[in-house]
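Just the one chain here, the form predicted alone, laid out as structure tokens.
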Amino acid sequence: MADVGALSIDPDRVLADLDALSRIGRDESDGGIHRRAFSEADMRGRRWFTDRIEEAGLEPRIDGAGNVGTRWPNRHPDVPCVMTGSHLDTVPGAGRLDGALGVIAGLEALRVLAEHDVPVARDIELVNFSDEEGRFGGMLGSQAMSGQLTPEFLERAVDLDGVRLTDAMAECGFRAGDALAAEREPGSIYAFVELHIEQGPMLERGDHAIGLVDAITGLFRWDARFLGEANHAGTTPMDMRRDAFQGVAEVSAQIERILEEHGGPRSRATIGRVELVPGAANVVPGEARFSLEVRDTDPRTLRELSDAFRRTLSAIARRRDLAFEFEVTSEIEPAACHERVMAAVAGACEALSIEPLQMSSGAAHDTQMITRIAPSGMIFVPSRSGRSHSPAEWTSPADLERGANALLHTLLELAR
């Protein structure tokens, strides 16, 4: 048996897998990868992953939510397992690492442990979660596993093109109702750890090779609108206008104040979409529809920010003689990472002579859902210029290797 402290992943094998997977769903016109959940490209990616599992001498598994994975050494069925994984589905025009790194590095960790016949007290399970990118409005695979799906959600879920989740799954050979049976019991997973690219600039800015994640942001997202009065842009005096867009402009100008007074260093707020009606150059906008998304890792701070934005938007509407309406389209609770997993990651980094940066995740991940049923945590590797969800997404091979080795030794620590 090999010295477990000296175990290392095969970087050439990891890079070859990432390269092969990146060809599935790639659009040569924009260089982006298009593997939307339950699309033909997503199914090809799943088949590719299943083939890699079998080539490693492992047995593929699939549950009712379409989560695909494997378990090694599969000798401890009554002992809570250690789990790792991420996702292979992408946003339209994605890069090659988001999600894919965690799945491929997890497979490589199992290959290394199996090749060296490393003794473990707990099975290690690898999972590729379905629809992490939320094509149908959630994180289907990890929500199913953590018991957060309902029959009502499965029946009403549609994508932006009006395609129903039930139909998309049926075309791929799945029954949406079976996703409810993918639920795992709390306590059946000893620990869950996910390797992921940071998707932000903090590691690169601080010249850190590894991020030790202590919390994952929550968020609320509103579809809001101000209703005023459309009128002639040339004949309506400025002091007589009920200009809906000016309401949005004032909200935007208030964001920094609200975050400073009611938020914290991890607070974020974004107006990412604005639509004006009627949308003509010579008409005062009578309606302004806009999105507001607010994130933080602290639940109380998030609630205080929600109240502050609601008060501010209502006050702006009154002052400008506008009506104000909003609909909550998404709410995700923040999640704290577990000390058990954080300690294992820290121990792995120490063994590898890496000084990690303790940090939060500003993006949502499958880990966030699994925290409901198991102690969970994350490992980040740097993203060049903080770029993600883009063909420009890139992490150096050296950082990929360090991240995969950190995952390998974290899993080993948790499983032994």
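Not measured: the values here are computed from a predicted model. A residue's number is simply how far along the shown sequence it sits, counting from 1.
Only in words, not in the display: the form predicted together with a further copy of the same chain, which the text now covers.
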| property | result |
| --- | --- |
| The single option of S252, T312, Q148, T166 touching a further copy of the same chain in the model of the complex, heavy atom within 4.5 Å | S252 |
| Option touching a further copy of the same chain, based on a heavy atom within 4.5 Å in the model of the complex, out of R156, R175, R205, R319 | R205 |
| Segment assignment from 113 to 121, 183 to 191, 207 to 215, 255 to 263: heavy atom within 4.5 Å of a further copy of the same chain in the model of the complex | 255 to 263 |
| Distance check, R340 to a further copy of the same chain in the model of the complex, heavy atom within 4.5 Å | no |
| Exercise: P237 in contact with a further copy of the same chain in the model of the complex, heavy atom 4.5 Å | yes |
| a further copy of the same chain contact in the model of the complex: P285, any heavy atom under 4.5 Å | yes |
| Proximity of V328 to a further copy of the same chain in the model of the complex, heavy atoms at 4.5 Å | no |
| Any residue of 200 to 235 that, in the model of the complex, places a heavy atom within 4.5 Å of a further copy of the same chain | G200, P201, M202, R205, R221, E229, A230, N231, H232, A233, G234, T235 |
